[in-house]
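First, one chain by itself: the form predicted on its own, in structure tokens.
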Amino acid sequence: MTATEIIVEAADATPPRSTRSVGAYLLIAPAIVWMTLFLVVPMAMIVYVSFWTQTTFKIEPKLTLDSWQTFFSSSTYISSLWTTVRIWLTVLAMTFLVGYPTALFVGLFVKNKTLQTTLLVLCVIPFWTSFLIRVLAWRPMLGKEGAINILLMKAGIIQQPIEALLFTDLSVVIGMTQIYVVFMVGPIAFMLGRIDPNILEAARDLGAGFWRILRKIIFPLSLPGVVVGAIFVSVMVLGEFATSAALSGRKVNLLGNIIVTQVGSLKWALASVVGVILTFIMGVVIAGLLRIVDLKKEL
């Protein structure tokens, strides 16, 4: 059989374009139905409820802007909005500062694959326990008579206990950083593990030092992992409420805490307003992060 005959036979065996299109639509149909029922419809309902009329004891499906005006005219709610953004930016920066060196060590400096896997598993071990237990475990460590203050006093570093370690913004940042740093380490370590060692060796042969290699080669190649980790951390921190309630003594109110409070008070309209605002912020953050790198191309 000649090459021409093989090409003609393969062309005859190829299904028509219309058949392939139908098959593609059938494959994606379950995902579309799932996303519509459990994402689009709930979000549309939340937006709709945010315009309902809320009274002291009931809520009516009469469209109004009262709940939106209540949110933006309240200094308490606006303060919670800025507190949420500030805590998010701080935790994002801290998880990067702690997570990137850790991922750099695991992904590049540890050559043994078994040891790499072991170290990554050690990072995940805290997730074997309850989230609430991990949050509350910080209380006896950060308290005025907690483990950290005792160690610092015995080491002679401080003379009096540091009261700011608990029931403040600092305690919330410490707790969230410890809880979510693994979501920054994992994606970065994955991207670092994909870097060809020959590239780094060639850079060293050309006289580049470690910091120049890190700045010009390692960090740009690991940037997709940084973006993925930032998305994970951002989504979870922006929606947080348990950590701030447990470690701040309810002194730090995030948007998530307001939603929980309003739902508990049966004020569904105001809770929906906060939910819409929080979702909008998450969407803007994710869209901004995705503009840094083309994840579809890089991953």
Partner chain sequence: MRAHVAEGSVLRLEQLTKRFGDRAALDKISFSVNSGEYVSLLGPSGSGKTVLLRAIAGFEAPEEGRVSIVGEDVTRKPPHLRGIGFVFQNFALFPHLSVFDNVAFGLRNGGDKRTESDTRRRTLEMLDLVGLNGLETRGVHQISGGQKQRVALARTLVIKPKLVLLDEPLGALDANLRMRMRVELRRIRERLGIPFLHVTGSESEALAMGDRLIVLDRGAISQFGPPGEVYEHPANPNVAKFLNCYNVFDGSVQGDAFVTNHGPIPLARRVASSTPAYAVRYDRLTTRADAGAGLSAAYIASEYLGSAIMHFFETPDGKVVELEHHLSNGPPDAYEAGRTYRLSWRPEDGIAFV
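Please read these numbers as outputs of a predicted model, since none were measured by experiment. Numbering follows the first chain given and starts at 1.
The next section is about a form of this same protein that is not shown, the form predicted in complex with its partner chain.
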Between the options K154, K144, R86, R204, which residue brings a heavy atom to within 4.5 Å of its partner chain in the predicted bound form? R204
Which one of V124, I199, L97, I150 is close to its partner chain in the predicted bound form, taking close to mean a heavy atom within 4.5 Å? I199
Would P220 show up as a contact with its partner chain in the predicted bound form if we use heavy atoms at 4.5 Å? yes
When the contact criterion is heavy atoms within 4.5 Å, does K216 count as touching its partner chain in the predicted bound form? yes
Contact of R212 with its partner chain in the predicted bound form (heavy atom, 4.5 Å): yes
Does any heavy atom of A208 come within 4.5 Å of a heavy atom of its partner chain in the predicted bound form? yes
Which one of these stretches, 112-120, 127-135, 220-228, 170-178, sits within 4.5 Å of its partner chain in the predicted bound form when only heavy atoms are counted? 220-228
